[in-house]
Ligand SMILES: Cc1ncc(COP(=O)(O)O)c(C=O)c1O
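This document starts with one chain, in the form predicted alone, laid out as structure tokens.
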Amino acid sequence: MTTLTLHLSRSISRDWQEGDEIVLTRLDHDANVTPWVLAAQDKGVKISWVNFDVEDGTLNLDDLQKALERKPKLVAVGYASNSLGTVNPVEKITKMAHDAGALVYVDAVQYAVHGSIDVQKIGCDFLVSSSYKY
């Protein structure tokens, strides 16, 4: 997944400009964080971090909404957390992000073997998984 996201992050970030923003979460696996951090550093792009509730392990959607007010270029989010098992509301996150004009990149590797995925229903721009988890 890290290699897959690294390659895609380089393609997606080609049009980013210094001063643009992206949104990452503190609930994600490093495979969906470090490639974006590296691309952001190379392009002079700011990263807005979305936290999670330490009591219940859910993503803080209020933090996400605040980050989206700055019109980021991209929101990268995991479908499910590898460490906590939290399943994120990716359909809702996608709608929120699209309403702000952001692309949505969903790392589904932790979820794909546990549930069905309807990419059209989610509406995300990118949904990735890797067969090594299967």
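When you see a residue number, it is the position in the sequence shown, counting from 1. Quick caveat: nothing in here was measured; it's all calculated off a predicted structure.
There is another form of the same protein, the form predicted together with the ligand; it is not shown, and what comes next is about it.
In the model of the complex, the ligand sits beyond 4.5 Å of every heavy atom of residue 68. At a distance threshold of 4.5 angstroms between non-hydrogen atoms, residue 104 is out of contact with the ligand in the model of the complex. Within 4.5 Å of any heavy atom of the ligand in the model of the complex lies no heavy atom of residue 134. Proximity of residue 25 to the ligand in the model of the complex falls outside the 4.5 Å heavy atom cutoff. The candidate site formed by 1, 82 and 109 is fully in contact with the ligand in the model of the complex, as each residue has a non-hydrogen atom within 4.5 angstroms of it. The listed set 47, 87, 31, 61 contains one residue whose heavy atoms approach the ligand in the model of the complex to within 4.5 Å, identified as 31.
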